[in-house]
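One chain follows as structure tokens, the form predicted on its own.
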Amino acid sequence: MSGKTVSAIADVEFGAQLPSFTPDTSIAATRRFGRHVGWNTPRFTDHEGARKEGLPGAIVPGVMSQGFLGAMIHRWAPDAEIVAIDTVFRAPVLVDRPHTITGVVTDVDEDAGTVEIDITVANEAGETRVFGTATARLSKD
């Protein structure tokens, strides 16, 4: 059921594309996140301060990027239990730049009630910044 929400493992189709979205990667969002998790450092909250650290500008914290990936899964399957998210950070996710969160179902285990999803964060140039795999458990009925 590509593009629609699912509630049970029987609703999942191999190869289905999860509904993609563009998360809020604004400096205001990363500052707010940084305050809440105690990471109020220039690399996440200030472009000039991040440049002084050798970065191209402020970056989205990795765990925030993982949160975007989890949000995509829950938009697709609101009642899913995310069992694992395993990511590789290929390049920084830059603050104040548009990024797209995507996923595709790569395995369905109806007996276990789990799905494997390839997950990606890509920038406006289509370059993969973060990729990985998530495992989610869905109801069997």
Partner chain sequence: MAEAAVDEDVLALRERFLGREFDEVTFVINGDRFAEYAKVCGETAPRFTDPAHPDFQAPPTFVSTLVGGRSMPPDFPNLGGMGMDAGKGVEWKAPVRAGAKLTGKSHLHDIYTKTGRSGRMVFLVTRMELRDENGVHVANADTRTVIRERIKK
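Numbering follows the first chain given and starts at 1. Here the structure is a predicted model, which means the values were calculated and not measured.
One more form of this protein exists, namely the form predicted together with the partner chain; it is left out here, but the text below deals with it.
Q: Under a 4.5 Å heavy atom criterion, is residue 64 part of the interface with the partner chain in the model of the complex?
A: Result yes; residue 64 sits at the interface with the partner chain in the model of the complex.
Q: Check residue 87 for me: does it contact the partner chain in the model of the complex (non-hydrogen atoms, 4.5 angstroms)?
A: Within the cut-off, so yes.
Q: My question is simply whether residue 58 lines the interface with the partner chain in the model of the complex - judged by any non-hydrogen atom within 4.5 Å.
A: Residue 58 lies outside the contact set for the partner chain.
Q: In the model of the complex, does residue 83 come within 4.5 Å of the partner chain, counting heavy atoms only?
A: Residue-level check for residue 83: yes, a contact with the partner chain.
Q: Heavy atom within 4.5 Å of the partner chain in the model of the complex: which residues of 25-57 qualify?
A: The stretch 25-57, when checked against the partner chain in the model of the complex, contributes 29, 32, 33, 36, 37, 39, 43 at the 4.5 Å heavy-atom cut-off.
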